[in-house]
Ligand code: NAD
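Just the one chain here, laid out as structure tokens, in the form predicted alone.
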Amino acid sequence: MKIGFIGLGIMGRPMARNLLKAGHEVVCYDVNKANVDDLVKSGATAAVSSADVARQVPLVITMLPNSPHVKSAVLGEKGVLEGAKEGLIIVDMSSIAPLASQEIEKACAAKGVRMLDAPVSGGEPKAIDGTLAIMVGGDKDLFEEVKDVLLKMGSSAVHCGPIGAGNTTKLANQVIVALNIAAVSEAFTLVRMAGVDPTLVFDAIKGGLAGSTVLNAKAPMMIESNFAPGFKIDLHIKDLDNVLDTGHGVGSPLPLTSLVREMMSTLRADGFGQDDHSALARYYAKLSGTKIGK
């Protein structure tokens, strides 16, 4: 299949590469020309705008930072709808506000364009190896139509309900991930301050009830003081802002999420917004004067 891909950042580029490896043709666009040039080296074809992408393909995938970027790419000048033919499918794999997904889908439907929201979890490592968890909202039959394509980028793709349900599921995921990272940071700061080796503690607890994908991925980074981004603090702040906006809208209490959001704000103010979200360990180092790692 010939597939359009808009948004070639940390996540989008490896996802598009996996489509190429699976034998699909990819027509790509990004506001950063260097990202486009890099993917062209892998076999993709460059487009000059989002509209240009849409003119050439039956399926467009978008992978962009936040709601305004998706609205601009789809609804704006030289956007997808400007170049879309009736029947075009848009799969937005960005992590955005559920209400924004619903608004964009409504504008698409008015032009005969079908849309799913399909955010992902797993960060850059799983984007590279094609094992992302994909959460999908929208028409169930349309999901079945594109599921095989999604599974070239992920190890699972689950239909979660109507449009917006994918992003609601992603928000829940981001709450759990953020709170887990904060808990790991807090626990390992305690360990270090008590004079116990964090590496031995990690080995001892990872097979028990405290074990998790978050622990396995983030504790070693904290122990090595390696905060090279797989998923940046700034992006997690964006997601938690969407969580809080959605929670306020539906009346859901989010006291722990609010606290971790403020911790991340402190890190951003200290210049660490581009660090991996495992840099929550830096917040505890600031409070305690003790680093978990080296």
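In this text the structure is predicted, and so the values were computed from the model without any measurement. All residue numbers refer to positions in the sequence shown, first residue = 1.
The next section is about a form of this same protein that is not shown, the form predicted together with this ligand.
Using a 4.5 Å heavy atom cut-off, which stretch among 255 to 263, 225 to 233, 38 to 46, 51 to 59 contacts this ligand in the model of the complex? The contacting stretch is 225 to 233.
Would you classify Ile3 as touching this ligand in the model of the complex, given a 4.5 Å non-hydrogen atom cut-off? Because no heavy atom of Ile3 falls inside 4.5 Å of this ligand in the model of the complex, the answer is no.
Given that this ligand is not shown alongside this chain, does Glu124 nevertheless sit within 4.5 Å of it in the model of the complex, heavy atom to heavy atom? Yes.
Met11 near this ligand in the model of the complex, any heavy atom under 4.5 Å? Yes, Met11 sits close enough to this ligand in the model of the complex that at least one of its heavy atoms falls within 4.5 Å.
Classify Ser72 as contacting or not contacting this ligand in the model of the complex by the rule of any non-hydrogen atom within 4.5 angstroms, answering yes or no. Within the cut-off, so yes.
Have a look at Ile89, Ile163, Leu171, Val120 for me and say which one sits with a heavy atom within 4.5 Å of this ligand in the model of the complex. After the contact test, the surviving option is Val120.
Hey, which residues along 176 to 207 are within 4.5 angstroms of this ligand in the model of the complex, non-hydrogen atoms only? Nothing in this stretch is in contact.
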